[in-house]
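For reference, the chain that follows is the form predicted alone, supplied as structure tokens.
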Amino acid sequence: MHVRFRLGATIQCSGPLHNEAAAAIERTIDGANTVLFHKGVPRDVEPSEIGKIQSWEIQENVLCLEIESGAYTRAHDALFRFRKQIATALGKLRIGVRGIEITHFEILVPGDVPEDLIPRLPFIREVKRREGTVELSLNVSAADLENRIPDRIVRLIEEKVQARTYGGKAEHWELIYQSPSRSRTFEKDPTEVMLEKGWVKHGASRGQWIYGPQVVQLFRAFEKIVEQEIIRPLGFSEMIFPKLVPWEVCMRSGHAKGVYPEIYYVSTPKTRDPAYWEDIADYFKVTGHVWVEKIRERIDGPIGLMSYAQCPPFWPFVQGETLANDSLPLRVFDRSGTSHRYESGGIHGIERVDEFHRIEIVWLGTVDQTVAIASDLHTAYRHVFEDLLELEWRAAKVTPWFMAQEGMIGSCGCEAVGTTDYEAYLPYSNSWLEFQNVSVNGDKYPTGFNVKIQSGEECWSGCSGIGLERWTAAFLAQKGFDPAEWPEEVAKRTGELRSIFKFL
């Protein structure tokens, strides 16, 4: 995407710009156009692509500039390079540079960018379309330019265009293994059967379940298998990660780029003073209803979100640190609480919910260490799925969109960065359920949280989420509800199923 930038700016000075000052300005502009703006630009770049002061004018103690550029020494970069040079030149004449104001700023984006891909941001004052080009007129200050707002707008449009052509997961899915078919004796939806048996009931909130003792026994059996066959043999240590994730963590982890439709937001009360809340409490006592409208007026935030991906709130523990060589690779896991995703209509059974339980495995180290641990996990999962759970399953290499858009595929000349999805066959729907994954995230998190290695080698990380609801849905869909028919390794860890509730 070959964009062009145009800006008008005024530089306010401490004195009139006459005679010697005008001559100094002319010399500085000539030097900027021929030398300064060309620094760092490849020799084969067309001159029209490089920033240039197209015209200038003096109005008493104000210097007016018109600057244009392509992708090299962009107009706003040229402006600040020039400011430094002109401040030095005028300083010799005892004239100071007081400030910069932006009179206009346009970005010309080639091609017919669809209307819905133009960001709805306060910086964009107007959008015009002419001769195969979209012109964005920006409302920006000098501080906005120093914060690289125009570059980020361009990059955002590029990402939106790429996302439109991404095509969804099906186009980035490559089968790498499929287990043999197994005999089937059960073909019902396991959630419906659990409801009939009274093993589960809907929670009071959307996408939420209350799990009875039988299901929890199965959850704990899977936890034991994971701990005994995967976590402990591979040397992972348990930690507890926070479940309230502030915006600072989301910004560093990259989730702030697009997580908003899928999260549960967290807000705090403006004060704990009981008198401030007394009328709201009284309203409930009189009406029997919670006064939600008034509550909205008396909370701050949102300050962040409920845990969405589970591993990001781990990273402040190592943020800004340099990891000793002899401590690597670091291997940790968390199983301390729920994760929350607003599934927006995609809720189904216990396998697609808003509130779910997961063991999150995280590891980090050198590139070779990170890739090696992912390989060890693949081997361990295959053993568990085939020998212990006796599932019919398959594995596929996928490219998550966040990796595709950030250019993280094929790093270091290999295909190590990416995600492997594990899918279990669901006889009742003749479909496949993603119930497990292993992701090698490259340097995404170490870079975002400024984590380094003593040796100076690149730091990489990986994660793998073990969702207990999905393991249970996949297992019961294939094995049914009679423990006598279950694989021995699952049945013995589950024990006799307990039924403690009797309703009249």
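Definition used throughout: the rigid core is the maximal C-alpha set that superposes within 1.5 Å between two forms. Counting begins at 1, following the sequence as shown. What you see is a predicted model; the values in this text were computed from it and never measured.
Quick note: we don't show the form predicted together with a further copy of the same chain, though the next part is all about it.
Across the options 380-388, 81-89, 296-304, 425-433, residues that bring heavy atoms within 4.5 Å of a further copy of the same chain in the model of the complex belong to 296-304.
a further copy of the same chain is not drawn, but in the model of the complex it has no heavy atom within 4.5 Å of Asp112. Heavy atoms of Asp326 reach within 4.5 Å of a further copy of the same chain in the model of the complex, making it an interface residue. Residue contact check for Val249: one or more of its heavy atoms lie within 4.5 Å of a further copy of the same chain in the model of the complex. Heavy atoms of Ser55 never reach within 4.5 Å of a further copy of the same chain in the model of the complex, leaving it off the interface. In terms of contact with a further copy of the same chain in the model of the complex, the residue from Thr133, Gln208, Gln178, Ser137 that brings a heavy atom within 4.5 Å is Gln208. Contact with a further copy of the same chain in the model of the complex, defined as a heavy atom within 4.5 Å, holds for exactly one of Glu101, Glu126, Asp368, Asp279, namely Asp279. Residues Pro313, Phe314, Pro316, Phe317, Val318, Glu321, Thr322, Leu323, Ala324, Asp326, Ser327, Leu330, Arg331, Val332, Arg335, Ser336, Gly337 are the ones in 308-337 with at least one heavy atom within 4.5 Å of a further copy of the same chain in the model of the complex, listed in sequence order. Core-aligned CA deviation for Glu158 between the shown form and the other one: 2 Å or greater.
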